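Shown here is one chain on its own, the form predicted on its own, set out as structure tokens.
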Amino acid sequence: MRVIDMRGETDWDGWRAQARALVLAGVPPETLVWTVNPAAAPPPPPQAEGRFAVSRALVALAAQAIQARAPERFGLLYRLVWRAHAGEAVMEDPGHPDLAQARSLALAVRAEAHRMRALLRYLPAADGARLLGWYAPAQFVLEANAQVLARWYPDFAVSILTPEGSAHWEPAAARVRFGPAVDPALVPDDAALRAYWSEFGADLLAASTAGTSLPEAETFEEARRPPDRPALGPVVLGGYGAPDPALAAAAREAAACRRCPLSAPATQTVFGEGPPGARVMFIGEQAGDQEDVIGRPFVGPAGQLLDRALEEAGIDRRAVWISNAVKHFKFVARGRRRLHQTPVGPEIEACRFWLDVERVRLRPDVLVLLGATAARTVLGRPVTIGRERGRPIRLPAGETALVTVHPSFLLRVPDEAGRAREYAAFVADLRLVAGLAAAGAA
């Protein structure tokens, strides 16, 4: 067996160089053992001449899956490249276990990257010259995600500390450098994080390097955070903080819900999430395909678009509650694909119990109704979005509801000009939500 040592957990350049040379040299996957050993000199790639190409889709999949916390990922991805070089249409065989596993790893990476962006908050350092963030990622997403997070505050020096490494954005040099890890026991709270940086920050910066070059453009495409971002809040060192006991109990009970037939084919119940004191509650239609797999609302393409729009509207996703009218994914199977289906009245009524639990416990000031299903569920009548969109509606319980489109609608607009126009209108609706929330808090 030949041992291939990678320089780090996300050694994309090293893996790609080794994989290319090994395939050209005809080295079969079953003769290789891939390990991570930063102290070892990487073995020289075998001498082999020639070139070959794999699909862009496979490259993008590998660039994501290599960030998964799975020791077998290097060998798994090499097997896919080996098969592609042999002429197999590997990306067209969703039933093959290697492709299924690689896609599962990539999905876990995307979910964790999304979670990191949703939960990471910054704390100004004691001298005010730098923003500090702490996060413990479940996957190896720091390097690729740091490129995105740095653009959120392009004019500030930013440092993100994690148990496995640190990332430092230096605006003067316009680049991100990567440095040593930080022991979580040393930064249990905000004061300790500030104190740690005051004592050891210079050492972390001195030990930082340029890092590896994951193809970020192919993995995390993000819009730059607008300049009118609200003032920084304190760093959050444990996600949303202490959960509301009643909502936590409801989420556990909902996990076993059998009130309607949708629970049978679905992977899991997708309950709402957010801080217990949220004054704004977003309600969508139902969990989607990725939400059903990951178990969190609005993490798929529509959720990523919602995140971008929230940023532009000045709303912090971490400060709002996000849920759906229906907590299970309704779909019809087409081969290996699961196609969305709109929930019907009995399914909505069966799931109304859980939505009512969320509303009663949270007592939000503003309900944002994303799409016709959410609007019908809350208002109790059919709703024409175009007629009632953007108009504050006072509800009997005292909340103010505002109807707007579901983000998935924006994904279906066929032409670029139309998408830009509809997206701008959606952001304008969310700015109305921000204004309503501010008025309610006053």
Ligand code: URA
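So that there is no doubt, residue numbering starts at 1 and follows the sequence shown. Keep in mind that this is a model prediction, so the values were computed, not measured.
One more form of this protein should be noted, the form predicted in complex with this ligand, which is absent from this view; the next part is about it.
Chemist: Can you tell me whether residue 165 touches this ligand? I mean in the predicted complex, with a 4.5 angstroms heavy atom cut-off.
Modeler: Taking the distances in the predicted complex, the answer for residue 165 is no, it never comes within 4.5 Å of this ligand.
Chemist: If we define contact as a non-hydrogen atom of the residue within 4.5 angstroms of the partner, is residue 389 a contact of this ligand in the predicted complex?
Modeler: It does not: once this ligand is placed as it appears in the predicted complex, residue 389 has no heavy atom within 4.5 Å of it.
Chemist: Quick check on residue 376: any heavy atom within 4.5 Å of this ligand in the predicted complex?
Modeler: Residue-level check for residue 376: no, no contact with this ligand.
Chemist: Is the gap between residue 287 and this ligand in the predicted complex 4.5 Å or less for some heavy atom pair?
Modeler: Yes, contact at 4.5 Å.
Chemist: In the predicted complex, which of 137-145, 191-199, 76-84, 291-299 comes within 4.5 Å of this ligand (heavy atoms)?
Modeler: Single hit among the candidates: 291-299.
Chemist: For a quick check, can you give me the residues of 387-412 that have a heavy atom within 4.5 Å of this ligand in the predicted complex?
Modeler: Sequence-ordered list has one entry, 406.
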